[in-house]
Each structure stands twice: as structure tokens, then as C-alpha cells.
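Here you get one chain, nothing else, as C-alpha cells; it is the form predicted alone.
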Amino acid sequence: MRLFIPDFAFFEPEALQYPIGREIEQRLRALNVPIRETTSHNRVTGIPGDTPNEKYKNAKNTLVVGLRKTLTFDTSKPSADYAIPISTGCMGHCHYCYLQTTLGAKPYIRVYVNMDQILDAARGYIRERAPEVTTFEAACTSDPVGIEHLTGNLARVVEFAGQEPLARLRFVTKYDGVEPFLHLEHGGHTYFRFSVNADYVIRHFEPGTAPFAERLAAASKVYQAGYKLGLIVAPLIRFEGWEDGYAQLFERLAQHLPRDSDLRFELIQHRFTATAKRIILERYPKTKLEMDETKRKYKWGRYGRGKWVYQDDEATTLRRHLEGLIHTHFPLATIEYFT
């Protein structure tokens, strides 16, 4: 896949006082990306577009470079202890993505240049929890692999985690630009995960991401480089012919990844909220994504809010089918959860 090149870039003036900021600026200028100034990465104005949808699409192609002012990390339970904030936003156009609602009116991609401060904060969390291991998630609100060629930030965190005996790092991606990570001293402390799905789901709901074959090739490279490898199959969707679609997915996975590998799988069924449905239909009015509440079950979550998920019998059938495929093709793999 062609590496992401933004159509527009905005810099906080202070960002250029940092070596990382100057490196990013040089790369963008070499790519002839127009650069403008913004007073804050949280309040960017000047992204063009005559309609809300045009502004949204242009924002997804906009890179904003600034400083992470808040160095208190959010928790990231149950998958990790903390989310390490190196970027926010994604250039992909996955119809179902939860960032549709969590990022709201700020869908542009933000990257942070004060990485020394961010890593110092991470060291503080590690010291507080010692002698327990502290796990950091780097992809809670972004896909950092997709912009690594512009920032280099994720490689810095991989090397940081590799040097810290009590640190572990995890992240997930739908992109294939893994070359910057293949020769790093990661110490076996990084859990590299790829989001994969049936061909139907990728074709219809994941525009702007790497094709499945390229993700699979990248996963194989990462595994050979000694990283712990995981696959997130999400969202699991009951489209027409879904049983065969997911069977074909695992047949292709088995052709490229060792049968005796210690893969870890995360299985997540499709779900949506009323707010997400409204935003998705506004931004992708022709989407084929099924969001019919009359066919779903409402599942309450934390803070008195919930989501629409599949009915119990449908979810059970989905889970059993996926678990059977995993056990058939990767008998030594671990299924971390189905949700």
C-alpha cells in the first residue's frame, strides 16, 4: 500500500523547537505538503470543505503536529494498564470505527513531538507499579503504524519498552508499513497485533486501509522478527455467507503463518450505539453496514450506557464458528476473549 501522505499539515509553533517536530517538518516539505500554523492541536481551523462531509474527509487527510500537554495517562483496562499517548486519529475510513464518535468534530490526525516527556511519564508509572509489569497500549485512539514513516514515534516507544525490564507494549494496526520495526531491539516486550477480517468486511467497510494480503505479509515479517504476534478479528459481522467468508480468512492465514505458532486471538462482534449509527449514516450514507436495532440485543455497559449487539443465539453461533476455525488451523493459539 502507498504510504500515507497528508494533503494538509498544521504545526503548533512550539513543536518546531523539538527535534522530532523539525524532522517531521522536513519530511513533509520534501513531500510538498502545504504547512500552516495553528495555536493548538485541539483547535484547528482552516481545514477546507464546503460541506460537513467534505470537511470530514479533508480532516482525515490532515496531519497536526503539536505537544501533548496532559501527561497523565488514561487507563486502558482490561487489555493494558495505561494508554501511552503518541498520536490521536486515523486516516482510515472504517465505517464501524468507534473513533467516529469519540473524536467527534476533531477527526484529523494529531502527533506529539515531546516524546521525551511522554516517555519520562511512562517511567513514572513503571516505578509506581514495580515490581509488577506495566503494560502500555499505543493504539487506543489511533493507528500509529500508518504514520510511522512520518513520525518515528512508535519505534521510539518499542525501543523504550525493550530497555525497560518491567514494561510491555501493545498496539494494533490495519497497515503494512512495518519495515521501521523489523530491526529494533524490542527485547520481546512488544505485542504486535493486526486487525484482520473476512474479505467482504474489508472490501465494504475498511476503505483507506491496507489490503488483507499486505497486512498478512506484514504480520509474517513481524513474526519472523521475533515479536509476539496477535490477530484481532473485528468486527465480526454476520453478512450473507459469513461462515464461508471466515473459513476462507483462516485458510489464508494458515498459508502464511506457522500452524504451531503461539498466536493470540481477540474476537469482537459488531456493535453500535445510537450516536454512532447517526454519525456513520451521515458520513457514509451508502454504507452496507447493518444497524437495525430490531434485530439486535441492547447490552448495558459502564456509566449507564450500552450498545446494540447480536442476539445471544447469533453471538453464540458466531463465537463457536470462529473458535472452531482457530483450533483447526492454529491448535496452539490462545483465544484471549470473545466479546
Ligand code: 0TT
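We number the residues from 1 along the sequence you see. Model, not experiment: these values are computed from the prediction.
Another form exists, predicted in complex with the named molecule; not displayed. Remarks below refer to it.
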request  = Check whether residue 268 has any heavy atom within 4.5 Å of a heavy atom of the named molecule in the predicted complex, and answer yes or no.
outcome  = yes
ask   = For residue 334, is any heavy atom within 4.5 Å of the named molecule in the predicted complex, or not?
value = no
query = Is residue 153 one of the residues lying within 4.5 Å of the named molecule in the predicted complex, judged by heavy atom distances?
reply = no
query = Within a 4.5 Å heavy atom cut-off, is residue 183 in contact with the named molecule in the predicted complex?
reply = no
remark   = Contact with the named molecule in the predicted complex, heavy atom within 4.5 Å, among 261, 117, 102, 163 goes to 102
remark   = Heavy atom within 4.5 Å of the named molecule in the predicted complex, from candidates 251, 74, 199, 214, belongs to 74
ask   = Tell me which of 117-125, 252-260, 155-163, 134-142 has residues with heavy atoms within 4.5 angstroms of the named molecule in the predicted complex?
value = 134-142
ask   = Along 214-253, which positions have a non-hydrogen atom within 4.5 Å of the named molecule in the predicted complex?
value = 232
